[in-house]
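Encoded as structure tokens, the following chain is the form predicted on its own, with no partner shown.
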Amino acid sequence: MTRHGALWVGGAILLAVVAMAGLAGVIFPEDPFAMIDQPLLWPGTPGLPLGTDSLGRDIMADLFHGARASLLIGLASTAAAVGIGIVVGALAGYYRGLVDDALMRLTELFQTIPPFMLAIVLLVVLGTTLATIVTAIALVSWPAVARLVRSEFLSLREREFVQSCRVIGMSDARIILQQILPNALAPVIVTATVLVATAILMEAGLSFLGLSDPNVMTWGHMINMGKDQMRQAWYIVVIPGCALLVTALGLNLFGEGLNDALNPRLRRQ
């Protein structure tokens, strides 16, 4: 329990955030963009524990609905990035040679451009819808997964059990999917937790610049809407900012705990 404390603490934080997202429509069934009271009511107002923003919207309702959208963006973009990274990394690491060179040059091409700047360019070109935001974040996140999977495949492809599969005539697809990939997934799973946190923070940064879907309530959108009232109503920015901080912390702790649990060398200690 003590050795995996980070896993338990991170898991508890993530469970709370998931509960917020799941209960958002139950506790706050109204439209999160609806004006329900006077603008700029401070936290502690009766019936409004977290107050209202500059448009008179319930900040607590926005926070719960924002958890749903931010988690959706983080999970969807990470799933897409991991999928692309596994395909590229597996093919490069297994076949090596020209295939490896071509795919790694493609990976390096994406890595030469700062991810946040590339995401901005993609959103300016494609538009700011929920789908394009997920696509943009996924396209700037997959190279790290590809390099990790490639290194795992380069190490595992020469193992005895893989050589035995080749001897008995097993196809490359079966060797990749059934033999090597399951043994390479542990570090990918750990990396995916970090990518979810990175994706959520990246979406918040993009939203702060106004590159968000105006019809979807996210924590980044809340910060963007409150940045002009920082002097007289700082809580509008601080509350979703703290939610982002705690969620990112929970994901990183959970990833660290997973690494301790899945790493065989640490398990034996």
Partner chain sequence: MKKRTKKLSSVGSALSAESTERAGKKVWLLFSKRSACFLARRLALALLIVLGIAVCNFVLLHMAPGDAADALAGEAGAGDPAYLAILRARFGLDQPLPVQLWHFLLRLVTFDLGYSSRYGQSVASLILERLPATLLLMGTAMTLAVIGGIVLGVTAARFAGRAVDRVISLIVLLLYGTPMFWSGLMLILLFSVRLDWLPAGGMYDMRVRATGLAHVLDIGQHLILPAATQACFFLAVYTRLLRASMLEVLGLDHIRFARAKGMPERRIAFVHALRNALPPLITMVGMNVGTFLGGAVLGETVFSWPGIGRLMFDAVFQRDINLLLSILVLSSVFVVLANLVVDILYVVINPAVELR
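Only a predicted model underlies this, so the values are computations on that prediction, with no experimental measurement involved. Residue numbers count along the first chain shown, from 1.
What comes next is about the form predicted in complex with the partner chain, which is not displayed.
For the partner chain in the predicted complex, the listed stretch (22-30, 64-72, 46-54, 201-209) containing residues with heavy atoms inside 4.5 Å is 201-209. At a distance threshold of 4.5 angstroms between non-hydrogen atoms, residue 41 is out of contact with the partner chain in the predicted complex.
Contact between residue 116 and the partner chain in the predicted complex is found at the 4.5 Å heavy atom cutoff.
The partner chain is not drawn, but in the predicted complex it has a heavy atom within 4.5 Å of residue 111. With a 4.5 Å cutoff on heavy atoms, residue 230 counts as touching the partner chain in the predicted complex. Proximity of 156, 170 and 173 to the partner chain in the predicted complex is absent: no residue of the three has a non-hydrogen atom within 4.5 angstroms. Checking 79, 124, 177, 131 for any heavy atom within 4.5 Å of the partner chain in the predicted complex turns up a single hit: 124. Within 4.5 angstroms of the partner chain in the predicted complex, the stretch 233-250 places a non-hydrogen atom from each of 234, 237, 238, 241, 242, 244, 245, 248, 249, taken in sequence order.
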